[in-house]
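As structure tokens, one chain now follows by itself in the form predicted alone.
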Amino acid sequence: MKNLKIGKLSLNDFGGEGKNLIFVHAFPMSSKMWEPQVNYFKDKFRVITYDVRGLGESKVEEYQYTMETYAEDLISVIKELKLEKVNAVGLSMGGYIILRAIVKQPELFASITLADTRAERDTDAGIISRSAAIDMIKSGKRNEFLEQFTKNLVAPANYENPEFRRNLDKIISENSDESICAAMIALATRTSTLEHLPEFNKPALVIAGEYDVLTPPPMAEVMKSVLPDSRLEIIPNSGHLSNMEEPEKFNEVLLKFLNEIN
């Protein structure tokens, strides 16, 4: 595995001789959330992960950026590494980033996998909620915010699993207050991409956790209905972080999809 830097972005290139497979992580996580997928796919594909700007090891001095910045960061990773026809997998925020990137430069992608995400922008209520969360963190109540938030990230059984929670909390704990707040502002700046999806004619896999309360299965069904070449998979016994909660099932459906299209 090679650790690389592209601008402020920290990347992990696991090598391999197969097709290009890049994973884009969720909020408020880092590329470490993809460990179950890296271990499974790195001998089958050229696997690449990276930390979204400001999070994980992608340290910055200036915490002002938007969803457009995030999308351009993904595009820059693909171009700087001279990747051709990328299979991109994004979960939640990672899905938002991929959705905007395929609007901007669809020719870079061979396929997309959109897990536990949605194509619509934030509602007014959603923006107000993000603002309240930022205020909460800045007033010294980071732990209270994360306690509330992580309850919605995973299915109840996984939330009560001490080992799972320790791993989840460790990944989140490595992100600063500033980076978490900056990411929430960037999330609030995203536009709707739903109206553009009928134009994307590459294969698409849409994944939803059975018990996802943040982006529930009906939202996945909406994306599936407008993507011309798409399929939908529901991951049982999982919430919003389906790749971590049910990694074996997640890997199974992703591998089947990639094998069928490549």
Partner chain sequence: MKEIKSGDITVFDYEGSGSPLLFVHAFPMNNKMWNAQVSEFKSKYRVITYDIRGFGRSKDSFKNIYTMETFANDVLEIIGKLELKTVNICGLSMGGYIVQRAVLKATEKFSSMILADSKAERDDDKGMISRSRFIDRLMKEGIGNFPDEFMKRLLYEKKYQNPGLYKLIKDVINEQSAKALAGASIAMATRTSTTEQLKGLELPVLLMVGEQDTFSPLPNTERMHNLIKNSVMKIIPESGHLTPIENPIIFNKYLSEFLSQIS
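Residue numbers count along the first chain shown, from 1. Note that the structure is predicted; figures quoted are calculated from it, not measured.
The protein also exists as the form predicted together with the partner chain; that form is not presented, and the subsequent description refers to it.
Taking the partner from elsewhere, R121 is found to have a heavy atom lying within 4.5 Å of the partner chain in the model of the complex.
Contact between R190 and the partner chain in the model of the complex is found at the 4.5 Å heavy atom cutoff.
Among heavy atoms of I75, none comes within 4.5 Å of the partner chain in the model of the complex. Of the heavy atoms in R100, some are within 4.5 Å of the partner chain in the model of the complex. Out of the listed residues F200, Y65, F45, Y211, Y65 is the one that sits within 4.5 Å of the partner chain in the model of the complex by at least one heavy atom. Here is the short version: of L168, A110, I185, L146, the single residue with a heavy atom within 4.5 Å of the partner chain in the model of the complex is I185. Shown alone, this chain has one stretch from 24-32, 201-209, 65-73, 218-226 that lies within 4.5 Å of the partner chain in the model of the complex by heavy atoms: 65-73. Each of E61, I128 and E195 comes within 4.5 Å of the partner chain in the model of the complex, counting any heavy atom. Residues of 158-178 placing a heavy atom within 4.5 Å of the partner chain in the model of the complex, in sequence order: D177, E178.
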